[in-house]
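A single chain, nothing else alongside it, follows as structure tokens in the form predicted on its own.
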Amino acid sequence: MSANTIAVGTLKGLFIFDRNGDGWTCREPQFNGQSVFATQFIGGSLWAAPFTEWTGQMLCRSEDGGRTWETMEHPLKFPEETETALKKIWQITALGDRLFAGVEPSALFTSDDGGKSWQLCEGLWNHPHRAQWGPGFGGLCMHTVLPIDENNWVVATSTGGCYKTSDGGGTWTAANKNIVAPFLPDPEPEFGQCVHKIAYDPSNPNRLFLQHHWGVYRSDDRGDNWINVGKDKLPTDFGFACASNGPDRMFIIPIKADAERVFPEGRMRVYRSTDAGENWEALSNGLPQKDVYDCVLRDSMGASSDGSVAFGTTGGSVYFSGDNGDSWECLGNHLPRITSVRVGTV
């Protein structure tokens, strides 16, 4: 069954698009006036993390596709001894019955009871590198959480970089080998990398794709080593969004670096590789190709194995493709700044 619902988080609410026949409709916004940086379809549930500076962070679950919501009574909370307060939830995902949340300040939480209670992953929190992680432009956030199997998890934090565990969160190692950061004194640091997003190829448990502050990479060994697959093949290898729906298929959206942060040449194009980054093609059918000075943030693109791909822009436009990017349609304009896009079936 193809995706029939798209959840779009923005700085002023959650917007849900539903497929009706051959078209799409947008419901009235949920969580009006609240920022939604994280949303996710998990099983038959839809999760969202609305936030305001005044009321703080909430975690909510819907069992009817986002029509009604339950606020979790015991949201994520740092242990008192850490002397740290939760600021934002940036990621929600799951593996089997276990839920994962990546948060700001950068940390990983897990839940084994459907989100009723959460535990800080102390193995990562106590990693000796953590004290040296610094905030990127978007804050000190754990923006990528990829539980590949019960023991192997990969995370990425801005600006610590990529880290991995092979023992279910007990111990962690930096996983940034061969990623080049030309803007740093040491262009190949062990950590401190500005990784923007990592995607997992669902057809290959060893393959990851990564959009760096300056570079597009692939790993064939779960992050132990990275290969640059974007150099001299793209209009720019700077960008934020990165998605994969396999096999060997990767989507990125190049952005003009570094200060402008808009589509190159004012043309909105998604780039797709179907051979794990060896070759790239520009996808523009249905996308505006003139005077488009906009951007797509790191979590504002989602893809599913049925060929559905969607993304949203900082200018509030939402685009959808049901054929892996061969053609696109605009579902809506003039939304608030878009921070998260997920495609699903409810």
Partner chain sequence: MATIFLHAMVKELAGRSAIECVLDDPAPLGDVLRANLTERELFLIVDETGAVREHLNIFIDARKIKDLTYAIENATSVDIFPAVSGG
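Residue numbers count along the first chain shown, from 1. All values derive from a computational prediction rather than experimental measurement.
Keep in mind that the form predicted in complex with its partner chain is not shown, yet the notes after this line are about it.
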Consider A85 of the chain shown here, and say whether it contacts its partner chain in the model of the complex, taking contact as heavy atoms within 4.5 Å. yes
Heavy atom to heavy atom, is G286 within 4.5 Å of its partner chain in the model of the complex? no
Contact between T52 and its partner chain in the model of the complex at 4.5 Å, heavy atoms? yes
So, G136 and its partner chain: in the model of the complex, are they within 4.5 Å at any heavy atom pair? no
Tell me the stretch among 191-199, 74-82, 225-233, 127-135 that has any heavy atom within 4.5 angstroms of its partner chain in the model of the complex. 74-82
Report the residue, out of Q57, S304, S317, Q40, that has at least one non-hydrogen atom within 4.5 angstroms of its partner chain in the model of the complex. Q57
Tell me, out of T313, S45, Q34, S308, which residue has a non-hydrogen atom within 4.5 angstroms of its partner chain in the model of the complex. Q34
